[in-house]
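In the block that follows, a single chain appears as structure tokens, in the form predicted on its own.
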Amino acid sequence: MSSFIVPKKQWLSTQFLTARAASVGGGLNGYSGKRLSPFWARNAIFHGLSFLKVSPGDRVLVPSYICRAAVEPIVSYGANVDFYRVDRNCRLDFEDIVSKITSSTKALLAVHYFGFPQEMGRVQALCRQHRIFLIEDCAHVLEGHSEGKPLGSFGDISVFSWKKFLPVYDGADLLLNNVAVEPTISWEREKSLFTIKVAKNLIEDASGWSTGQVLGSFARLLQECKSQPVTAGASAFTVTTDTDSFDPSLIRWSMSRLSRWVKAHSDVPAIVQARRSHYRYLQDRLMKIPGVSLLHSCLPDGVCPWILPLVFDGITDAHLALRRMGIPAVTWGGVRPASMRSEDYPDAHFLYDNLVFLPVHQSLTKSDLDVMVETVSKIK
């Protein structure tokens, strides 16, 4: 059972499931292009570099404010990472990007932070001008548009991460919008023991908070898991997704069976509506608290927020105080890439230490939201 008084992530509930399977595509429902569904978004980045025919030793431009899980697959692939600046509003510094492009630069990775779109037309034009590939990082996106086009349709490849929005154990999508080769990966076969582990995780996450809305069809799998001997295939049982590091041993793992089922049956419009409603509820109240500044003071139409990012004026690592009071707040301070020199990127350094993430997921209640507002008001 979590020590938090507010659930840190969404759980499996009939409220946000549909009887009939539907396509989930980050605003690309009905997308007919090439698509692969790896175990992790970080694995999608690794494979995407191969499909773009990036060579070991080539250079990839990456924003200075980013989780190391997006950087490690590039390094593991053998490419070199060059960081570029983002400002304190998480906007790309185009002048700095251009200054970092060399003859060895083959790709640029652009992040739609927290579900809020970047100026993708401008990013796309820059990449075309300099003949470099665009990797559109949609890991914070469930649905959304930029300049009238769906997020995920701008990049030569685009990467989505479903664990941030759906009650799944794992799963990502790699969209190959401009790839000449026919993408093939020799996926490892999913072991039954791992399927049971995923089912166990889904039920345990839900049972810690839910009052009976969990799908009962998974209950038998949980009971089977308890009696399953951990012998052959034990490594599959011990795999965890609660890590921010890239594991090369898992690059040939695809999205698990149960996570695919949950993704296909997720009621995306209802999830988007709930997350937007929670964001606006928090936004209206948090903006009235002195010393609290929201990264985005308004929620544009069509944006499905991953989290609500905010700053406590003059307070570093405010998330630690919130966590001590039972609120599952986080920063990226503990996941900054080891190779990124903070002194070279002061705005990114500020964001790592000061930008706090509050949950807005669909499993929250009004009481949960009120508790978060009250707790935030106590931070001095």
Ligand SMILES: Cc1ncc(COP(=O)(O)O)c(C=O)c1O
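Since the structure is predicted, the reported quantities are computational estimates derived from the model, not experimental observations. Note that residue numbering begins at 1 and tracks the sequence as displayed.
A second form of this protein, the form predicted together with this ligand, is not displayed here; the remarks below concern that form.
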Self-check item: is_contact(residue 151, this ligand) in the predicted bound form, heavy atom dist at most 4.5 Å
Solution: no
Quiz item: Using 4.5 Å between non-hydrogen atoms, is residue 137 touching this ligand in the predicted bound form?
Solution: yes
Quiz item: If you check in the predicted bound form, is residue 330 within 4.5 Å of this ligand, heavy atoms only?
Solution: no
Quiz item: Hey, in the predicted bound form, does residue 40 get a heavy atom within 4.5 angstroms of this ligand?
Solution: yes
Exercise. Just give me the single entry in 69, 340, 321, 315 that has a non-hydrogen atom within 4.5 angstroms of this ligand in the predicted bound form.
Key: 69
Exercise. Answer with one of 285, 164, 191, 85: the residue that has a non-hydrogen atom within 4.5 Å of this ligand in the predicted bound form.
Key: 164
Quiz item: Pick from 69 to 77, 290 to 298, 268 to 276, 251 to 259: which stretch has non-hydrogen atoms within 4.5 Å of this ligand in the predicted bound form?
Solution: 69 to 77
Quiz item: Going by this ligand in the predicted bound form, which residues of 98 to 115 come within 4.5 Å of it through any heavy atom?
Solution: 111
